[in-house]
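In structure tokens, the next block holds one chain alone, the form predicted on its own.
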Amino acid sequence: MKHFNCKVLTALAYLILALPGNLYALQFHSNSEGIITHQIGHLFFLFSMVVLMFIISGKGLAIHKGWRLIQVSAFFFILWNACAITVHFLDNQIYAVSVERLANGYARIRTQNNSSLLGWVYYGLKLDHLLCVPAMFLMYKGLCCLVDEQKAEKGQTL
């Protein structure tokens, strides 16, 4: 009987965690100082990733798997920052797009002049996690490869 109760409690816990009430995953910048600082951060990160890509290729480090993965990661981070900068520009700086929250967790994208093309472009750019998550994963895998190579080199010299 104890085993059954444990399974029921685990199933209930999963159900509660899988069906959350409110999700607050969006960040809005209400004042101009916040969005400008945020945009500068994106620009700096984008520029840093461009420099990293040039350093990796310039020093010939791309012959190592770990550095190649980091270089591809930097490319994805560049794309992610470009998307984020564009989205922030559209909704927080020139107000060409606004997101209207509806009931039951739904939202509506409103654009100036009711441009459906701009709405779809904005929606696509808001899917920036499709670039950021692979970038972080590739960075992680690249660093793991570099650590493994370092461990292998130290093991051979001992």
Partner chain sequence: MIAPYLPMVVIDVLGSFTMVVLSLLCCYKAGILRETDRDNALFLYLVWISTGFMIFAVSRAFGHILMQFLILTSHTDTWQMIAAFSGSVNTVSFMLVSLITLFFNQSWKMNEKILRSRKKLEAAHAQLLSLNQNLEQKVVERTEMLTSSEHKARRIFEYSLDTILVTDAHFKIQEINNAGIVLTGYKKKQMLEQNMGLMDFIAHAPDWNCLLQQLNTNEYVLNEECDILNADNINIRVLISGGVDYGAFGCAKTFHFIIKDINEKKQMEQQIAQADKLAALGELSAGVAHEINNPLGIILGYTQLMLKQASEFEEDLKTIEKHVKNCKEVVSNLLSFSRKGSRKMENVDIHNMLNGVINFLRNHSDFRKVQIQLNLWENECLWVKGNAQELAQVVLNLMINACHAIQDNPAGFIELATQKENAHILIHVRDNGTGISKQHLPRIFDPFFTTKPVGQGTGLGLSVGYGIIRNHQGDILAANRNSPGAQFTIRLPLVNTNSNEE
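Positions refer to the first chain, counted from 1. Everything numeric in this text was worked out from a predicted model, so none of it was measured.
Although not depicted, the form predicted together with its partner chain is the subject of the following passage.
Examine Gln93 and determine whether its closest non-hydrogen atom to its partner chain in the predicted complex is within 4.5 angstroms.
No, Gln93 stays farther than 4.5 Å from its partner chain in the predicted complex.
Check whether Phe45 has any heavy atom within 4.5 Å of a heavy atom of its partner chain in the predicted complex, and answer yes or no.
Phe45: yes, in contact with its partner chain in the predicted complex.
Taking any heavy atom pair closer than or equal to 4.5 Å as contact, tell me whether Phe76 reaches its partner chain in the predicted complex.
The answer is no: Phe76 has no heavy atom within 4.5 Å of its partner chain.
Is Thr37 near its partner chain? Define near as a heavy atom within 4.5 Å, in the predicted complex.
Thr37: yes, in contact with its partner chain in the predicted complex.
For the stretch 49-83, return the residues whose heavy atoms include at least one within 4.5 Å of its partner chain in the predicted complex, in the order they occur.
Those in contact are Met49, Val51, Leu52, Ile55, Lys59, Leu61, Trp67, Ile70, Phe77, Trp80.
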